[in-house]
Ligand code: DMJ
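The chain below stands alone and is given in structure tokens; this is the form predicted on its own.
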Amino acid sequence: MPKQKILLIVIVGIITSNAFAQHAAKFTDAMKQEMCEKVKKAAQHAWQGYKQYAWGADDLKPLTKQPRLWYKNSMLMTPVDAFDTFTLLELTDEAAAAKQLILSELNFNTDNDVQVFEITIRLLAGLLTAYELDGDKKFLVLAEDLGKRLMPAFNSPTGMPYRYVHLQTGKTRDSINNPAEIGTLMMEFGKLSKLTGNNSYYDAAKKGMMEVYKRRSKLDLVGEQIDVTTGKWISTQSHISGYIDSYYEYMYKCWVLFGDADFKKAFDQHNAAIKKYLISKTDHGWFMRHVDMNTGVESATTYGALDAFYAGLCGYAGDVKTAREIQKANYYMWTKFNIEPEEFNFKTDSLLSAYYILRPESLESDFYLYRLTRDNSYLWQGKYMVDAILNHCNNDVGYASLKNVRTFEKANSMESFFFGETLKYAYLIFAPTSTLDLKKVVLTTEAHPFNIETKKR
């Protein structure tokens, strides 16, 4: 064997040994507190940049220091997504400023043609959580106004929602939808029903979600695109990435939140199929592949940032063993590329999409696994990932996405979910359990905590 190759093996072995030794070392309470303070300062820094350069807009473009609007009129994405994070982090001044802006400026009677899924998970969820945390009924009034304006989306021949709806006219468009955008409305519309007493929201969202479930394949998998007017699958590719991911997430979480047994039955069937057909076991952990929903034949070995959520969901649903193996793969993806890339090919170990847009999913899974196992290694993993984000994405007014995880070249984007999810999970990994009790709340796909219903359906 060449000397260079022997030297490389020795170096890799030393690095790996040091990493395992570190992960076995004690992570003290003082270290947890230090990480919490670090995240709080990061949240304050990003919020200050938004206040100075993008106040009243949806989010901040951190490189050019400009405001960004999603539609014709601002929907205040960042303050709504951030409010409950500031509350949980005990950033009282920031929470008060966000609340004042929301209650004085947020208006849904606007000429905006909006994406139902994104508006639901960011705004409807954020307002509902704000109401449950803060108690100000004005949050609930805004939430119900928004919910009513989104309801026409469900007026399709199948009951599955269209992708877009106009907030003033109720006009809908885009009948080619996907399981994630169809199913990831159930927690929010269901919670709106529970808080208002109007069951129409729950019923519409459940019908849409269960219509997808009814069209699962004989293997109990779903595809990635479906026509809501005909119920026919447009794409039969199956996976746990974008277009499908949070459909599976909400099946389980809606069971926990509402106690509706239909969701538990559907999740159990889907989850067994996921484990049977999608898991690909490697030396670096268990990744999730793409297959055809009807045959189970592998179609791609693509894995990425969005897929990383499944480790947390798997553990939350009771299978910690599988969750550990998937999180091992998630962490490998982080350490190999400095920060997780959007996509890579786990079979060839090669980069497919090199950008990182401040996504939270690996942190999310790390949070669940630490809470479930109290294994020190997940604190060390969390520290590595949080430090990587705060060090490499930081700029003078906030935190920027990366064009390339190898070079750390920045991109001009800081989406609201950086506040709503990434910073929240970064904090919760190290925070006391009392900060957020998973026996009392369920986190939405945008990490907004909803109080578990005491009166089950």
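Please read all numbers here as calculations on a predicted model, not as lab measurements. The numbering used is simple: start at 1 and walk along the sequence shown.
Form predicted together with 1-deoxymannojirimycin (DMJ): not shown, discussed below.
Distance criterion of 4.5 Å from any heavy atom to 1-deoxymannojirimycin (DMJ) in the predicted bound form singles out 359 from the list 359, 253, 239, 270. Residue in contact with 1-deoxymannojirimycin (DMJ) in the predicted bound form (any heavy atom within 4.5 Å), chosen from 121, 221, 142, 329: 121. Residues with any non-hydrogen atom within 4.5 angstroms of 1-deoxymannojirimycin (DMJ) in the predicted bound form fall in just one of 310-318, 89-97, 293-301, 360-368: 360-368. With a 4.5 Å cutoff on heavy atoms, residue 117 counts as touching 1-deoxymannojirimycin (DMJ) in the predicted bound form.
Contact check for residue 47: every heavy atom lies farther than 4.5 Å from 1-deoxymannojirimycin (DMJ) in the predicted bound form. Residue contact with 1-deoxymannojirimycin (DMJ) in the predicted bound form: residue 399 places no heavy atom within 4.5 Å of it. Although the partner is absent from this view, residue 306 contacts 1-deoxymannojirimycin (DMJ) in the predicted bound form, with a non-hydrogen atom inside 4.5 angstroms. Along 402-436, residues 417, 421 each place a heavy atom within 4.5 Å of 1-deoxymannojirimycin (DMJ) in the predicted bound form.
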